[in-house]
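First, one chain by itself: the form predicted alone, in structure tokens.
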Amino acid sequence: MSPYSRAEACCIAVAEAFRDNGEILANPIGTIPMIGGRLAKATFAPDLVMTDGEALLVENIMPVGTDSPEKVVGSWNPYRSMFDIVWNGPRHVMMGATQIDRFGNQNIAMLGKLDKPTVQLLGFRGAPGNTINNRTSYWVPNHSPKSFVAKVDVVSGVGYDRTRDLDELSARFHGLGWVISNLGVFDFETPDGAMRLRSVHPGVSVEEIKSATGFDLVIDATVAETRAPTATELEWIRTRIDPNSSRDSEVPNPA
């Protein structure tokens, strides 16, 4: 039995997605993304700038799900100031994806046909601007053929096939990072920008991931296992960043 949970493996993968990013605004959205982003800042990426999820940039590591009275505020970051950062590139955002396809097109807007949708989702939100202006990664807690699809129903976040025809100036900040799911880690480090299997989480096989994906992944001859957390990282996760174990509600440990 693994000494750490599947959710903790996901937190480590998220943290690694922010490694070597330097002094940029890190915007991980969602429970496990927030845990992983804060873990990265607490350990190997201290230059990351984190928000409190609202209008402040904070210097210290806070537990998720609480507004810590010990919050150390670095500066005010109101809505209008946020767009100065968004439009100029120095940001790495990790969003969710109800659907994502082979080239990284993301859908969080609706399901079904555009003129007659069957399910209303969040809407396009900031996805178009995020993907064309900032490094963008994705978190998908339920990896299945319904989420990893051959073609998204509508494009919210822009993938590599759609930026090929853009001029260099328009696409200068476009760059997809990693897709992290409850099964593994994926990137787009291929000649045509197609999704590649980067690592599998402990207890997950390549065949399991292939069966849960609605398109052909690029798969190297050897696929690594998502790295294990260190004792220090587990201490951070379990006692300081997520003492209430909210991570396990998002990604339960396999039976």
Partner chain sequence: MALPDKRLTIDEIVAEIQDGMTIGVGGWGSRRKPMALVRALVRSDKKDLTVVSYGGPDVGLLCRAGKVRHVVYAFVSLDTIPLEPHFRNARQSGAVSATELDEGMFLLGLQAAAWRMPFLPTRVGLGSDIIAANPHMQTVECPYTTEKFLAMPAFDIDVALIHMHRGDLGGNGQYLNVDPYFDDLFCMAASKSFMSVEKVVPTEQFLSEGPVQSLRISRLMVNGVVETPNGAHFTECPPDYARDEAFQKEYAASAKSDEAWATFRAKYLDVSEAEYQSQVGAR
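Please read these numbers as outputs of a predicted model, since none were measured by experiment. Take the two forms, superpose them, and find the largest set of C-alpha atoms that agree within 1.5 Å; that set is the rigid core. Positions refer to the first chain, counted from 1.
Another form exists, predicted together with its partner chain; not displayed. Remarks below refer to it.
Please check if L166 has a heavy atom lying within 4.5 Å of any heavy atom of its partner chain in the model of the complex. Contact check for L166: yes, within 4.5 Å of its partner chain in the model of the complex.
Is D192 close enough to touch its partner chain in the model of the complex, meaning at least one heavy atom pair within 4.5 Å? Outside the cut-off, so no.
Do W178 and its partner chain share at least one heavy atom pair within 4.5 Å in the model of the complex? Result no; W178 lies far from its partner chain in the model of the complex.
Look up in the model of the complex whether N133 has a non-hydrogen atom within 4.5 angstroms of its partner chain, and give yes or no. It does: once its partner chain is placed as it appears in the model of the complex, N133 has a heavy atom within 4.5 Å of it.
With the partner left out here, if you bring back its partner chain in the model of the complex, are K210, A224 and P254 all within 4.5 Å of it by some heavy atom? Checked in the model of the complex: no contact with its partner chain for any of the three.
Do any residues of 127-146 have a non-hydrogen atom within 4.5 angstroms of its partner chain in the model of the complex? If so, which ones, in sequence order? Sequence-ordered list: A127, P128, G129, I132, N133.
Large Cα shift (2 Å or above) at R164 between this form and the one not shown, core-fitted: Superposed on the core, R164 moves its C-alpha less than 2 Å between this form and the one not shown.
Taking the rigid core as reference, does the Cα of V119 move 2 Å or more between this form and the one not shown? The answer is no, as the C-alpha of V119 shifts between this form and the one not shown by less than 2 Å after core alignment.
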